[in-house]
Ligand code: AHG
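Only one chain is shown below, in structure tokens, and it's the form predicted on its own.
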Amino acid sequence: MKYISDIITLEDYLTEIGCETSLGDLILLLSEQAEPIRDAFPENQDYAGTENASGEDQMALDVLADKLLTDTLEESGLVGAIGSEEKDTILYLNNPYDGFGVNMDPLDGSSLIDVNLAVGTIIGIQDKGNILNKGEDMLAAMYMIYGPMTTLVMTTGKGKGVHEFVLNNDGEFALLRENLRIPEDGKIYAPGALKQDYTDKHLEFIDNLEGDGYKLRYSGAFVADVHQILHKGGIFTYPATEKNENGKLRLLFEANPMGFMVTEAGGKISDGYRNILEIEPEAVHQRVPIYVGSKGPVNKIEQIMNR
């Protein structure tokens, strides 16, 4: 991981790594939505009184972020189809296969807004209006974190690395760290779900982590927890439970984009048995158990589950 002293903007860097022009334009357009989303936080602290497609209560900022991103993508002419955690179905635009397919979680961790913890926006980009594609087929993935700083982490895959940018005082995303590599010696674990609902094999795995000295670090925002693990090493998990064999998190909006980036950074993502990025999606809001982070602990859960 290399820290950057000279100012290199996101636009400059996309050119430097040879990103295809229209894909670069889309990444830049999405990055420009970070400021208006963040600026809306103070006046959108309450629940909206509505539910998203998964039956979860929406914060006002969930609705605002979804509308802002959707309207921007519709007007861009770059996108043929949009899948959102906040929408029941795929939104197909005119001539959907003339543009990119975008899957998004407009505001991951929104229940933490009122206590001012880090939350973020997760984006996966597919080719030719496709939404229901395997994660390994994505063209690019990115997320924006709204914390003490506003940062953007992105990759265009194919060995081009994972890079982190920070929103500076000029309103531009400037390169902060390039070629992020997830450490293998990290000792952080972020465990979702209630322990009383763990399966026996998952509980064995958690006991092994604790016996190996892993420290629990779980905020309730998937994007923020994985961001920390990407930098410090370890594992995030939201497993299958006795009550829900598919876990809680969504394949298209959360698992695939974050797993695509972690894998590009030298890590791994699994449902406990196989690489999540190889799963053929069957539904827009399909859920999947998740283990994502350094290869060592992810390999360990697969050994336990597959024995």
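The structure presented is a predicted model; accordingly, all values stated were derived computationally and were not measured. Residue numbers here begin at 1 and follow the sequence given.
A second form of this protein, the form predicted in complex with the ligand, is not displayed here; the remarks below concern that form.
(request) Among 243-251, 63-71, 22-30, 271-279, mark the stretch whose residues have heavy atoms within 4.5 Å of the ligand in the predicted complex. (result) Correct option: 243-251.
(message) Since only the chain is shown here, I'm wondering whether Tyr218 would be in contact with the ligand in the predicted complex (any heavy atom pair within 4.5 Å).
(response) Tyr218 belongs to the contact set for the ligand.
(message) I'd like to check something about Leu107: if you look in the predicted complex, is any of its heavy atoms closer than or equal to 4.5 Å to a heavy atom of the ligand?
(response) Residue-level check for Leu107: yes, a contact with the ligand.
(request) Determine whether any heavy atom of Glu85 comes within 4.5 Å of a heavy atom of the ligand in the predicted complex, and answer yes or no. (result) Yes, Glu85 sits close enough to the ligand in the predicted complex that at least one of its heavy atoms falls within 4.5 Å.
(message) Is it the case that Phe260, even though its partner is missing from this view, gets within 4.5 Å of the ligand in the predicted complex, heavy atoms only?
(response) Flag for Phe260 set to no.
(request) Would you give me the residues of 227-242 that have any heavy atom within 4.5 Å of the ligand in the predicted complex, in order from first to last? (result) In sequence order, Phe236, Tyr238 come within 4.5 Å of the partner.
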